[in-house]
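Below you will find one chain, with nothing else, as structure tokens; this is the form predicted alone, and questions on how it binds or moves follow later.
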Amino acid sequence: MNKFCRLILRDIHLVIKGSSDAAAALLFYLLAIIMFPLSSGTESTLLTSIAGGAIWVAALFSSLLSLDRLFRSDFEDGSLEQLALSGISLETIVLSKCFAHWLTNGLPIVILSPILALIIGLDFSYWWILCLTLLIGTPSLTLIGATPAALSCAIGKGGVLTALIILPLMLPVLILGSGAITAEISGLGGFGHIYALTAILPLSLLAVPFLASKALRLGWE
């Protein structure tokens, strides 16, 4: 546990040190939400009906912007291999990097979402389901994107290729997250979507460390 915590603190320090990538992802999220009402008009009923989906799309792309660098810098300078050779399992390293990424990208999105919901026109009474879906869904976005990010290190290509691989995998999280908000607004109740969204997280936690570790080992062979 101590090693895991030290790995998380190390990765957070690296994010702060190279803060431009993390800041760019969060700035994209902020600008996307702020600009959305400008492009969609001021009709309150329309904005309320599509606000949940807009916030979730912005959150998805914000996560996507920073995922390409999840392993790349450590992989390229050899520090990732050094950590693996130090006796720490690669699966633990993958999990620590995913958790650090969520703390620096997903958690700020959750914290900012109630304020941005007001800007985009979502009734404040629905802030709880917006925060709940983001709190459950953003860790899944990070975990789902970890394996393609690791694979991009192995094949030596990233950017657009990583995005093309990750986006289809993230669609179920996006559909369930935005669907829960829409269902709650329409009076149907969003807990069915939330239960399905919650099921994705433990499955990702079980599968992703092994898949991402395998992809990273392919890059060293």
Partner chain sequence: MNKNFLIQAQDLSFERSGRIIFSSLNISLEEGQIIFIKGKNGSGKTSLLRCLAGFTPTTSGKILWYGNEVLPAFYSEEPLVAWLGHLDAIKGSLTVKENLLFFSKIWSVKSNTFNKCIKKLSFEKFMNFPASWLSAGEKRRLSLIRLSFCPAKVWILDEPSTFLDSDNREILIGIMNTHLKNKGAIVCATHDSLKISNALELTL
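Keep in mind that what you see is a predicted model, and the values were worked out from it rather than measured. Numbering follows the first chain given and starts at 1.
In what follows, reference is made to the form predicted together with the partner chain, a form of this protein that is not presented.
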property: Ser79, heavy atom within 4.5 angstroms of the partner chain in the model of the complex; result: yes
property: Proximity of Leu83 to the partner chain in the model of the complex, heavy atoms at 4.5 Å; result: yes
property: Contact flag, Val110 vs the partner chain in the model of the complex, heavy atom cut 4.5 Å; result: no
property: Ile119, heavy atom within 4.5 angstroms of the partner chain in the model of the complex; result: no
